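Presented as structure tokens, the chain that follows is alone, the form predicted on its own.
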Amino acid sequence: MKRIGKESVIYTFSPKHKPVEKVVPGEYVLFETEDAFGGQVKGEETPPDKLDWSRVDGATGPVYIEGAEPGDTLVVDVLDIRLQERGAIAAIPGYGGLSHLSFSPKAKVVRVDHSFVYFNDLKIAVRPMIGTIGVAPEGDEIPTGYPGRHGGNMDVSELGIGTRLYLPVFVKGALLALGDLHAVQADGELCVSAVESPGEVLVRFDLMRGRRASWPILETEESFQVIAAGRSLEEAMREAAEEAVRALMRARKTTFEEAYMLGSLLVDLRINQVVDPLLGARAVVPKGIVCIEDFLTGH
């Protein structure tokens, strides 16, 4: 197993980054990550509106996956996520889903254990997840705080232990990096942050050659989820829904109209986050009527 230390941090996904490690498909890789605030929130006295934003939303990596070529799909199995025993969350004026309201900046530090996040007198079940994971785009670099077709800061609440992520490969070696671990996050990530925690992520890579999806695909025990982004939630939902309907067309060997109707019966549309420069949504398709190959096309 290879270990990628949190000192290997990037703030953009870019084909220009030099890989910090090379791995082969099937190899186990442990990523150490700093929290999304870059470790700047030391306590509740930290003014979150005074953070150095150049140190926010870093990702550990990138790693070069041997054999990955443009047009392939990188398969990432999330085997384990281990968090430190503290996390931070912040409300920052001008940010989040309620950025139009006036409120005071506030940071909160909470205790995290294997079962719960302790928020005042509430015990909230821990659901460790990866906020940011992606590959290098083929064109200009993309800040790690942005979601997109390359992955990035998708903030999908279900992207946790036991899930599988399919990422389109745009450059040789893929150049994957990840970070921004959350102890718990609801869909939407309403206030601009979740319980942000440093930690470790154990993953295993594989490749599907010569085919890729238009957007990242998350596989859970029960579903395949198209993860899309847009300048508005409407745009993000349209992108995700179209990919889901086209997958239904391929799976059922039917017309667009039939698949479109089937989508109204079976495909759930969910909000990932409403706080990043691009907003995120996903289309959730139950397993049993589609398989991953239905989302992939040759390039």
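Numbering starts at 1 and follows the sequence shown. What you are looking at is a predicted structure, and each value in this text was computed from that prediction instead of being measured.
Only in words, not in the display: the form predicted together with another copy of the chain, which the text now covers.
- Figure note: of the listed segments 239 to 247, 49 to 57, 65 to 73, 28 to 36, the one touching another copy of the chain in the predicted bound form, with heavy atoms no more than 4.5 Å away, is 239 to 247.
- Interface residue among I142, V195, L218, V203, judged by heavy atoms within 4.5 Å of another copy of the chain in the predicted bound form: V195.
- Proximity to another copy of the chain in the predicted bound form, defined as a heavy atom within 4.5 Å, holds among R211, R164, K108, R82 only for K108.
- Proximity of A91, S232 and V274 to another copy of the chain in the predicted bound form is complete: all three residues have a non-hydrogen atom within 4.5 angstroms.
- In the predicted bound form, another copy of the chain sits within 4.5 Å of a heavy atom of G188.
- At the 4.5 Å threshold, heavy atoms of G96 reach another copy of the chain in the predicted bound form.
- Another copy of the chain in the predicted bound form comes within 4.5 Å of no heavy atom belonging to V169.
- I10 falls outside the set of residues with a heavy atom inside 4.5 Å of another copy of the chain in the predicted bound form.
- Taking another copy of the chain as positioned in the predicted bound form, the residues of 277 to 293 that bring a heavy atom within 4.5 Å of it are, in sequence order, L279, I289.
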